[in-house]
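Here's a solo chain for you in C-alpha cells, the form predicted alone.
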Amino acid sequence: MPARVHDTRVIAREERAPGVMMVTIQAPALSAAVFPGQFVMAELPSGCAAAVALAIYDAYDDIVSLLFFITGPRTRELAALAAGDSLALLGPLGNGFDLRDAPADVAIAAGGVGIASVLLPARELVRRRSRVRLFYGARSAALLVERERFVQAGCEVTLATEDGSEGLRGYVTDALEASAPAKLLLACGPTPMLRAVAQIATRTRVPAQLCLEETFGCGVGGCWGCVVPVAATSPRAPRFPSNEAGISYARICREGPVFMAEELRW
C-alpha cells in the first residue's frame, strides 16, 4: 500500500528507560499496511517543518507503537505527547526485511534503540516456525528495554552490556560471534555494529540483512541527504552511472533502510 498521511491519536506513553520512550497510537490503516522494518515520519504537533523518522516497533489490530530515544527538541516534543493528543504520521515508508524464504534458524542482532526495528520481523519468523535467536546489546542493563516482549514472542534471547551489568560483558557482536552460525542474520543498530555484523556474515558465509539507522531529511527520497555507497550491480542501486570503482549510491530512506550486507560498500 502506498505511503500516506495518517491522522492518529495517542493512546499511551511510557518511559521504558531513562531517555527511551514508547508512544502507542491508534492507527488502524497504518497498522494494516506495515511491513517489518519500515518506518514513519512524524509531523511535530508544534508545526515545525522538520519531521522525525521513527521505526515502527509494533503493529497489531488498530494499534501502532513507536519506540525511540530522546535525543533533542523534536523527540522531546514527541515524548511529551499525552493520551488523546493527535499526531500526523507519514508512512509506512522504506523497504523492510525480506522474509519470504525464512530459513529454519535466524539470528537477530540489535544494538540500543535498534531493538525498535526487529520485533515485527522476529514475530513473523516465529509465526513461520523459524528458530529465532535475538542477540541484544546496550551500554547497561537499564537500557535493555522490551527484552521480555521478545521472550513472550518465542525468541531465544542473549544479552550483552558494555559495562557488564547484565549478560555478556562487551558488545552484542561478541555474543553473536560466539554463537553457532544461523542460516540468516538480521540486524539493526549503530553503523559500527552493523559493519561488525557484516564482517561476521562474510566470515561465516551467512546472508545478512542490515537495517541502517539514519537521520532523514525528507524520508521519501527527494532530498538525497541519506545516501550510502552500494555496489552498482545491486538491484536497488538507482539507475544512473556508477563511478570507476563500480560504486553507486542508494537512499537509505527510499531503497532501504534494509540492505543485504553484500550490497553495501562502506
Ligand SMILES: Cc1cc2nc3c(=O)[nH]c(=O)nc-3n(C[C@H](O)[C@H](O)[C@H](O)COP(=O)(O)OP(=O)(O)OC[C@H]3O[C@@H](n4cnc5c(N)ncnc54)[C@H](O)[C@@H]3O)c2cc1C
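In this text, all values refer to a predicted model and were calculated from it rather than measured experimentally. Residue positions are given as counts along the sequence shown, with the first one as 1.
As for the form predicted in complex with the named molecule, it is not shown, yet the points below apply to it.
Residues with any non-hydrogen atom within 4.5 angstroms of the named molecule in the predicted complex fall in just one of 60-68, 199-207, 27-35, 228-236: 60-68. Proximity to the named molecule in the predicted complex, defined as a heavy atom within 4.5 Å, singles out one entry of T158, T75, S130, T161, which is T75. Residue V113 is the only one of L99, V126, A175, V113 with a heavy atom lying within 4.5 Å of the named molecule in the predicted complex. When contacts are judged by a 4.5 Å heavy atom cut-off, A55 counts as touching the named molecule in the predicted complex. Although the partner is absent here, E213 is a contact residue: one of its heavy atoms lies within 4.5 angstroms of the named molecule in the predicted complex.
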